[in-house]
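Only one chain is shown below, in structure tokens, and it's the form predicted alone.
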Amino acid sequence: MNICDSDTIDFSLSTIYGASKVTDVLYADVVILNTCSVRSQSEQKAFSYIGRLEEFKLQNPNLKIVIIGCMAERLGYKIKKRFSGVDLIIGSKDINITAFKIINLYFTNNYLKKNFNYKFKVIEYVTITSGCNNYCSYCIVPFVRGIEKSINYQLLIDKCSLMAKNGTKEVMLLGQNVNSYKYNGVNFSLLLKRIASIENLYRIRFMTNHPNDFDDKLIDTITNEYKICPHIHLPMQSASNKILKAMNRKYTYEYYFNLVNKLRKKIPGVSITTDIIVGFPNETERDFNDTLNAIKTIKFDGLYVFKYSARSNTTAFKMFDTVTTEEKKRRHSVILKESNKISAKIISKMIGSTQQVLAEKFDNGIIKSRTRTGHKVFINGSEKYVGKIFNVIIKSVKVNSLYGSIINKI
């Protein structure tokens, strides 16, 4: 979602105001740092980078430093107090007017010009909801992004249509709880169907889903609309019902397990990935083993595992953090090792198979592409394949990546 926000700001600055991106801060008029607050480590990295930016400002006093996003929303007053070189702070709730504020404060009207110099990517991110109403006990999102709001579906259709017209082949629909989308009677299933009808758009993905909002209508829509890729990111977080309750996830492991089985039964070849948090307050070894055993049973195609990080304002922040840092690291390592072992077995079965891929990027003789199930495939080729959909035969596997060759060369 942060990438999507940054791309939106880039689009506004370049197409409306004629600005252009530079690759080195030494040549910048404005540096915009988009921040995250989901974990404390993210904030520490941001603070460190702001300090480095202030050093650049000593060399170029005209440089403007703009801090935006969730950390700006949560700690704006502290940032300004700690870093005198910061010129503008825009919280995540006002992030949509970032470009306007930057131009309004720092440039004259002579600078404003229509100049459509933004090049759409092969894959573009589109935020369809902002904020969240779930209030999971560990999550700071409702406090920094506000309550859940769904964006006007017609604006979303128009945006996706513009992207497809200008070369985008795949859109990734984003929301903290993407499958709870609802605007004037249009729910997520209907929105997916309408986006799937857009000409020259070939693939649709979405994340992140909440298990409680994954109903049968949505499953049927994914099954019946070929453009919707059979890759579902479905955060489990824990397989201990005690921990799930403490997290305020509002489902049991049994419910989650049955949903996974239903998805696999109804969506042929579906790839399912998940999120796991280890070291949540009062997570015992038994609770942890419940999660580890669930991973061995479900056999996810991949997962993201995070060490619990206490966030102020959340309910979990008031809980006593009973798991030591060393134990969190151990549990993190155990889950990751098991997940990688399972993922390797799954993708090894793809050797010799024919896969449809979309070429996303080209670098140094290698095409980076992705299957409909979200698996990365690297291929020897040329830049002319970027943005094209074609078939490859999988030749080998390395870690979690596939390597193939093109069947019918262009």
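The numbering used is simple: start at 1 and walk along the sequence shown. Bear in mind that the values here come from a model prediction, so they are computed numbers and not experimental data.
Absent from the display: the form predicted in complex with a small molecule. The rest refers to it.
Query raised in the report: Which single stretch, out of 381-389, 35-43, 364-372, 342-350, brings residue heavy atoms within 4.5 Å of the small molecule in the model of the complex?
Result: After filtering at 4.5 Å, what remains is 35-43.
Requested in this report: Could you tell me which one of R203, H231, R331, R311 places a heavy atom within 4.5 Å of the small molecule in the model of the complex?
Outcome: Going through each option in turn, the one that passes is R311.
**Report entry** Option touching the small molecule, based on a heavy atom within 4.5 Å in the model of the complex, out of Q237, T129, N179, T98
**Finding:** The residue in contact is Q237.
Query raised in the report: Can you check whether Y253 is within 4.5 Å of the small molecule in the model of the complex, heavy atom basis?
Result: Answer no; every heavy atom of Y253 is more than 4.5 Å from the small molecule in the model of the complex.
Query raised in the report: With the cut-off set at 4.5 Å between non-hydrogen atoms, does D275 touch the small molecule in the model of the complex?
Result: Yes - in the model of the complex, heavy atoms of D275 and the small molecule come within 4.5 Å of each other.
Query raised in the report: Is there a non-hydrogen atom of K307 within 4.5 angstroms of a non-hydrogen atom of the small molecule in the model of the complex?
Result: Yes - in the model of the complex, heavy atoms of K307 and the small molecule come within 4.5 Å of each other.
Requested in this report: Tell me, yes or no, whether V260 is in contact with the small molecule in the model of the complex, where a contact means a heavy atom of each within 4.5 Å.
Outcome: V260: no contact with the small molecule in the model of the complex.
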